[in-house]
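Only one chain is included here, represented as structure tokens and corresponding to the form predicted alone.
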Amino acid sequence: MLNTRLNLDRIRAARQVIDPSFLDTPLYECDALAGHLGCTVSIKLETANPVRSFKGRGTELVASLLADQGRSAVVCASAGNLGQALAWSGRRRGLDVTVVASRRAPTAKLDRIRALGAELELVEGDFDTAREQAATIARQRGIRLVEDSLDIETCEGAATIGLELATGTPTFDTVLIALGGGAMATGVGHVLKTLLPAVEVICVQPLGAPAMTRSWHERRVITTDSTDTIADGVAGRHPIPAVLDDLLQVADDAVLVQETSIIAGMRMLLEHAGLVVEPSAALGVAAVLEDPDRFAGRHVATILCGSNVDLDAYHRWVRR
């Protein structure tokens, strides 16, 4: 019995709350990738939805709960994808949404947050700076602060991906999950370790943003002074203790990959799968590229978690 904050019955019930456009996303074996990676590869495509990332699964739960409580406003910090998702879910339920983000966040993500009707406040510094400002706004206005990965709704919404993996047609023995704050890793990991305990759960993080991975290996919170990665969606410096506790229960390993491998993974997904993804979504492919012997002959599933990327930057990366 797993000792985490998550609950399988709540995760199953979440499917009744989440808008169907976020559910039952494509899951298929990609033969073209397999030929280049030396293992069978199944893709879980979390980009084919209104906000082009998995985050909408969690924000649907948050927004539904707030609407049921009669709340009218909410604020979050975001590297970009959570803000879009909360803006989308909040607008459907009449919530005033404020998103705090770094000025360095990808322009495409910031533009989309504005287009979805949220109030966008930009701060100097990184995501953790934005998180501090969002908390201040919540106190000053007396409104709900949504904290990705800490708020259980964000984890259990993401966990519905695990339900779909566990009941999907492809049978895999390893799943590779992008690791940032930990909502997707803990959510999907909880479901898989409950329903398919033999499946190996491997979390993948950039070498330039290693805080959660180092914390997992040390079994205690390790913070970093800065981050240096193109994978902005997973570039946190301060792991949340409760999330780390959950991750220690459900992850079999956590690995770090180099920027060159992330870019190579993005390029491979474009050339061999016809998919444009943001750097965080290529972390699983990057892990296979860096350690092919580990995965040789195995059936690997990887979650492509988002495709919100500035095209100019994307073209620079994939054309190298």
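Sequential numbering from 1, following the sequence displayed. All of these numbers come straight from a predicted model, not from anything done at the bench.
Quick note: we don't show the form predicted in complex with a further copy of the same chain, though the next part is all about it.
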a further copy of the same chain contact at Leu289 in the predicted bound form, heavy atom, 4.5 Å: no
Find out whether any non-hydrogen atom of Trp216 is located within 4.5 angstroms of a further copy of the same chain in the predicted bound form, and reply yes or no. no
Closest heavy atom of Phe172 to a further copy of the same chain in the predicted bound form, within 4.5 Å or not? no
Can you check whether Val221 is within 4.5 Å of a further copy of the same chain in the predicted bound form, heavy atom basis? no
Choose from 87 to 95, 177 to 185, 72 to 80, 245 to 253 the stretch whose residues reach within 4.5 Å of a further copy of the same chain in the predicted bound form, heavy atoms counted. 87 to 95
Which one, Arg104, Lys193, Arg144, Arg112, lies within 4.5 Å of a further copy of the same chain in the predicted bound form by heavy atoms? Arg112
Quick one: of Val123, Leu207, Leu116, Ile240, which gets a non-hydrogen atom within 4.5 angstroms of a further copy of the same chain in the predicted bound form? Leu116
Contacts with a further copy of the same chain in the predicted bound form - residues in 29 to 47 whose heavy atoms fall within 4.5 Å: Glu29, Asp31, Ala32, Leu45
